[in-house]
Ligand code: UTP
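Here you get one chain, nothing else, as structure tokens; it is the form predicted on its own.
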Amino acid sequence: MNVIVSIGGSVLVPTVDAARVEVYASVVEQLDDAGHDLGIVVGGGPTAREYIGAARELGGNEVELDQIGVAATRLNARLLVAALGDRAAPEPLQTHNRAKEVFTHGDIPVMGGTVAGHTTDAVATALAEHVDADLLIYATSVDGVFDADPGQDDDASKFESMTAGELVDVVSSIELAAGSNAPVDLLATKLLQRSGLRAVVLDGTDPAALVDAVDGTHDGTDIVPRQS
């Protein structure tokens, strides 16, 4: 199975902890040993937010802040590359074409961000489309997609399954609410809708959830292609 995983920075590197990254790498290695072809995109998490916050106070504009965020994602990605050793390309890849080339040759491409304005969820979705992935996994800090932000609404209920179009509607409504956080950003959901890929949104704080997603036994939300 061709599998692309978007790992949130707050999931992989909530703090700089080699043991945490090694556990995640061991799960990726387990899937690799099982014969799955993998690509990984890593987010910026707390590291990105800390640097972006400082740069904003220093007067940085939004493009400059995005570029700092991209640098942070690549720094996090380097930790995973180091943990994966010879299984991965030797450094975080910066273009989808290069990542596809590595993927096609059987190594694991690890990416961070690419350019200003593109989130790592969007980067992962585009990579999944580029390599014709069988499954795209969004490993987030929440256990699926809810009809409202569960951090803001105690009555929010989780979807077991939905289409990408339905996900676009949910994310759009959440992102309009001040202070709310959607499980997947709007750009990524629009790319997912375009691609027709199958995806899963799940709680990636337990790395073993990746194996559950590939096996189809996860506790997250399935994003299924629209029925023809």
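One rule holds for the numbers: they count along the sequence shown, beginning at 1. Bear in mind the structure is a predicted one, so any value in this text is a computation, not a measurement.
The same protein also exists as the form predicted together with this ligand; that form is not shown, yet it is the one meant from here on.
Colleague: If contact means a heavy atom within 4.5 Å, which one of 193 to 201, 61 to 69, 163 to 171, 25 to 33 is the stretch that engages this ligand in the predicted complex?
Modeller: Going by heavy atoms within 4.5 Å, the stretch is 61 to 69.
Colleague: Counting any non-hydrogen atom inside 4.5 Å, which residue from 81, 123, 142, 137 sits next to this ligand in the predicted complex?
Modeller: Result of the distance check: 123.
Colleague: Does this ligand come within 4.5 Å of any heavy atom of residue 85 in the predicted complex?
Modeller: Although this ligand is absent here, residue 85 would stay clear of it in the predicted complex, with no heavy atoms inside 4.5 Å.
Colleague: Does residue 48 reach this ligand in the predicted complex, with heavy atoms at most 4.5 Å apart?
Modeller: Yes.
Colleague: Contact with this ligand in the predicted complex for residue 205, defined as at least one heavy atom pair within 4.5 Å: yes or no?
Modeller: Contact check for residue 205: no, nothing within 4.5 Å of this ligand in the predicted complex.
Colleague: So in the predicted complex, is this ligand close enough to residue 52 to count as touching (4.5 Å, heavy atoms)?
Modeller: Although this ligand is absent here, residue 52 would touch it in the predicted complex, with heavy atoms inside 4.5 Å.
Colleague: Using a 4.5 Å heavy atom cutoff, which residues in 1 to 26 contact this ligand in the predicted complex? It's fine if the answer is none.
Modeller: Heavy-atom contacts within 4.5 Å come from 8, 9, 10.
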